[in-house]
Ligand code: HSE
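In the form predicted on its own, a lone chain appears below as structure tokens.
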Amino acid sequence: MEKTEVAIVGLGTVGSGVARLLLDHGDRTARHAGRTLWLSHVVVRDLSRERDAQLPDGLLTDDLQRVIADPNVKVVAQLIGGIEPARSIMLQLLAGGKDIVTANKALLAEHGPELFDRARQLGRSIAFEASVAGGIPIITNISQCLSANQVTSLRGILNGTSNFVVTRMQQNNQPYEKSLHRAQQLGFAEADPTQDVDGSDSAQKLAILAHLGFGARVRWNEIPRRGIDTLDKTDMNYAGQLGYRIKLIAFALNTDQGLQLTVTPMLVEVGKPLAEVRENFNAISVVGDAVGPVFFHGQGAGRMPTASAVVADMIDTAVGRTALTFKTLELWSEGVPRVEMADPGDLRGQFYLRFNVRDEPGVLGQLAGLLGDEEISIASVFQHTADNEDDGVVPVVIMTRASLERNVNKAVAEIEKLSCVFAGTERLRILD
């Protein structure tokens, strides 16, 4: 059988999974590729480090030039995270005549135009299915399977760490810190989970999906975002009582005012597919103008789910499918102007508002009056029992009808100035 030599750069969690699939299941990959994917080199930074992969003698090296200089190696899985040296290594590999497969969403979100333009100049390709949602084939589905559609909206749970934490907070009534610690114990969260819990990871992935779905080239760090690290389990409990679950949602909507993008915790009605996504799973709902709504759900991270996507890209690259789609799609280019995102204040929606107020007559009237001044209608009001009846402070939850976000922000700012309102106000969007 014909043989295509491949290499791996980076033997961390995902890299070890890729090596395992290539070495232990070569018959499977050969059946799908019509050729053997022959692993020739595995490049690591530290040869003395313990590895979670059994490799044949002679494969492991700390010399990137062995891969670059080997004319037989056609496809390289570049699986180093972060920006540098990942960017420089990818440019070297492209210049060395290698087609690239990557799982590095941060690198693509930050330097996609530079890298893709360079690959096109050199007649090479970059495949990146594993960069968003791990084992869920969302890149292929949006860029190819749904190509007859104009995507009108996209909403998803794109970070398994955050979803695990909010699941534990809501189901087990655990505080944020305890839920995060459990995620770290199980390997679902890094020792430093900042990028996951502050919404940055989801914003990087949303920028990639927005480019595929809407042709929008946006700066990921300009996407309005809020993570789960400021959530209070009190609001998880109240949301549950009202028939909702709180999820970190990456949201994109094509409107007459422009493209709306945001990453933020939202209330999702129990029974809707996104509300039922538990633990470390990911899910994406895409609406196309021809196909209507489609839903993707599965393991969004982890060694083998992500390795599955990487090896699938390696197969497509080896047989030439990636080269065809890469040339046709013309993804990311410095020659394409960036898209200015629409003002988030123009987005209409329902909101969950919680105020801590003095337990006295007339307070609800003051809140309703200020909301009414901004043309915000109230759908329902719930006054809960105070945690400490002696301090005279009670939580009031207001569910609004559809309103402009800027009006809600103005009203909340005015309400917080009232002498009867105390610190700790919460404002969360309700996913329609």
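Numbers for residues come from their place in the sequence shown, where the first is 1. Note that the coordinates shown come from a computational prediction; the quantities given were computed from them, not determined experimentally.
Below, we turn to the form predicted together with this ligand, even though it does not appear here.
Could you tell me which one of 190, 346, 340, 289 places a heavy atom within 4.5 Å of this ligand in the model of the complex? Contact residue from the list: 190.
Sole residue of 160, 213, 199, 135 within 4.5 Å of this ligand in the model of the complex, by heavy atom: After the contact test, the surviving option is 160.
Consider residue 156 of the chain shown here, and say whether it contacts this ligand in the model of the complex, taking contact as heavy atoms within 4.5 Å. Contact with this ligand, no.
is_contact(residue 105, this ligand) in the model of the complex, heavy atom dist at most 4.5 Å: Although this ligand is absent here, residue 105 would touch it in the model of the complex, with heavy atoms inside 4.5 Å.
If we define contact as a non-hydrogen atom of the residue within 4.5 angstroms of the partner, is residue 208 a contact of this ligand in the model of the complex? Residue 208 lies outside the contact set for this ligand.
This ligand contact in the model of the complex: residue 331, any heavy atom under 4.5 Å: It does not: once this ligand is placed as it appears in the model of the complex, residue 331 has no heavy atom within 4.5 Å of it.
Segment assignment from 231-239, 294-302, 166-174, 81-89: heavy atom within 4.5 Å of this ligand in the model of the complex: Contact criterion met by 294-302 only.
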